[in-house]
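Quick setup: one chain, the form predicted on its own, written in structure tokens, and binding and motion questions come after.
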């Protein structure tokens, strides 16, 4: 059985409140917070980017489980904000964690589901016997144009999953995807900020694909929402995943552990994977987890996951790396000026 050998996440300490962004643009911060279900979001430090976030998440995964980095023969990094247009983030990550020379390394792009697409690729390589371990990462320092609706949620963070078949802490029982050409969100080559199709972001973007992929998995496996202990959905804001869960029949208690967006923001490619890490932080043997990611453009990836006894064994140490809850509490609030400097919205003239 192919599964998750270990996991790790990384969230920068710096945060900004939605009210502070609204103050600068003359908007009503209270109404925006209520409408989005997001109260504050993370932002990178001056020397943090997708590569450093990916390395930190990968190192956290390796801290929890003894895995020879030399046996990690695939490194895939999914992101919308790779540091280079031409130069793989995955090669940098592989070198930093001691996995080089890896068998294969690549950067993935599919908006916010690039990380879960990397998980699916690692699953196939492990199951075929081509590699013993692969590492799939979803990480972003998400972009949002000043004053645009995206700026209130676009955040920084990421997660890494080591995929293999040697005593996994959680079995990846099944995965499926639902994809169409729906241009609800895009960024042209050379443009610093993405554009979005406004009302198309919800329907026919997010909900068509999240519900489509989720219903496909439930139908394929003959399962129902009550068969799962937890559920994680892509979380661009605090409203969409709750509505998706309600429509499908999942309870608020099932999604609560993984719903980290209110105090994190939307980490794009890291969003659903950080939610999964938060769920694994509290999961017990036998727990069954349902997860569906979403990427604009547009598609959804769904997963059926069962936690194994290994998660509570001597082979795995959850306490060896910070939990998602720990990182959310460890924060430093900043004002819009500091935020703009950290995000590169302000450039010093020489």
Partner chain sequence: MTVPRFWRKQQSRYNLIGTTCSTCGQYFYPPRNFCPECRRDGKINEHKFKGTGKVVTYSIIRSASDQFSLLTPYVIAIIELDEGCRLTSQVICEIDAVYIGMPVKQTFRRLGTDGGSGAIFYGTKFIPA
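Residue numbers count along the first chain shown, from 1. Note that this is a predicted model, so its numbers are computed, not measured.
As for the form predicted together with the partner chain, it is not shown, yet the points below apply to it.
Annotated contacts: 83, 95 and 332 all touch the partner chain in the predicted complex [non-hydrogen atom within 4.5 angstroms].
Heavy atoms of residue 59 reach within 4.5 Å of the partner chain in the predicted complex, making it an interface residue. Although the partner is absent from this view, residue 45 contacts the partner chain in the predicted complex, with a non-hydrogen atom inside 4.5 angstroms.
Among residues of the shown chain, residue 281 is not one whose heavy atoms approach the partner chain to within 4.5 Å in the predicted complex. The closest non-hydrogen atom of residue 23 lies beyond 4.5 Å of the partner chain in the predicted complex. Residues of just one listed stretch (50-58, 310-318, 291-299, 33-41) have heavy atoms within 4.5 Å of the partner chain in the predicted complex: 50-58. A heavy atom within 4.5 Å of the partner chain in the predicted complex is found for one listed residue only; from 179, 223, 165, 100, this is 100.
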